[in-house]
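Shown next as structure tokens: one chain only, the form predicted alone.
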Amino acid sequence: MALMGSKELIGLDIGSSAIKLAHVKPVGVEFRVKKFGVFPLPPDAIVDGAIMDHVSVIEGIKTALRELKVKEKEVATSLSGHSVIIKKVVLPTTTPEELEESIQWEVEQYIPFDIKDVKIDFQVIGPLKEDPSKMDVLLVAVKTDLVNDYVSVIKDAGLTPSIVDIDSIAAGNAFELCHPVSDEQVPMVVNVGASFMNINILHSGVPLFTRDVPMGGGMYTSEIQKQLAVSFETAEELKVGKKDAGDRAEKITEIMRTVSNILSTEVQRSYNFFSATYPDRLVTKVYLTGGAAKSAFLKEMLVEKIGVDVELFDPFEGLTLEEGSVDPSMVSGFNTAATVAVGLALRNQEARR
């Protein structure tokens, strides 16, 4: 799952609400965005990270390729959902090569699936300070069926899947390359998508803590839909202020505040767990990103609950847009939503760091 891609790798984020495509290429000392677009998917085309409507997803990818005039074929995509397990485990210290050979047997106890039904990858974080004979390893296990599903729709759309990543890792990768921080800092990157919230705490370029929370911006929509008895489309418009709420404004404010409180409480839980596990590496700042990052009250509630600065992370801030090829209004409208796609598009640049 961690193979290096070609220099013309496309980032393809197949999210539960939309397909986001990004093409980023190094030009001199800068990274230039050559293509970027967001293409909505029908409701329930993807549920809990699983593809339910293959035809709609394939057509969505083809639409993205056609409208953005993409000729490159190799892509990096990513997964999240209940079929993805991300866990930090302690294993006997060994070389990455030896661990590659023994990983199946070493981690079987940590995976709630049959080991024969999953694909496994790992990253060695480093030896334990209190016991160098053991080391921290970030383990990723994904059900093979899920990987095959995503690979299948990408191939059916006429593309070649070169890399299959994890949403939270891709978001962290975008942050590392687009917003470098000093080794003294411990950033917490919170990527709030429609169905999942990916939390990644980094230190010196290494993910110390990673968690997928099965809730996201779709909660705002579903609560508005349910409590106001309106359609999905109307709820979406009311959520982002595209439709005048009229005498329902107070109720919508209450819903937005309630859901933001639920989401920020989940982030607080992760923050508290990390602080207890790594008392010597406390989070210095929270970077909020993803399609639902700008939701009403979310940023303020995170500041209140966690007690550190919270900043919106825009992956395009560290990149240059190619004039004539990228629509600036698309970038400004979907900047935080692009984080995973940009992180995937930058996967082939990791060796340049």
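Numbering starts at 1 and runs along the sequence shown. Just so it is clear, the structure is predicted and the values come from calculations on it, not from any experiment.
Not on display, but discussed next: the form predicted in complex with a small molecule.
Okay, which stretch from 171-179, 215-223, 100-108, 121-129 lines the small molecule in the predicted complex, with non-hydrogen atoms inside 4.5 Å?
That would be 215-223.
Look up in the predicted complex whether K285 has a non-hydrogen atom within 4.5 angstroms of the small molecule, and give yes or no.
Output for K285 is no: heavy atoms all beyond 4.5 Å of the small molecule.
Indicate whether L12 is a 4.5 Å heavy atom neighbour of the small molecule in the predicted complex.
Flag for L12 set to no.
Is A292 close to the small molecule in the predicted complex, meaning a heavy atom pair under 4.5 Å apart or at it?
Flag for A292 set to yes.
Residue contact check: V240 to the small molecule in the predicted complex, 4.5 Å heavy atom:
Yes.
The unique member of A76, V192, V142, V267 whose heavy atoms fall within 4.5 Å of the small molecule in the predicted complex
Of A76, V192, V142, V267, the residue with a heavy atom within 4.5 Å of the small molecule in the predicted complex is V192.
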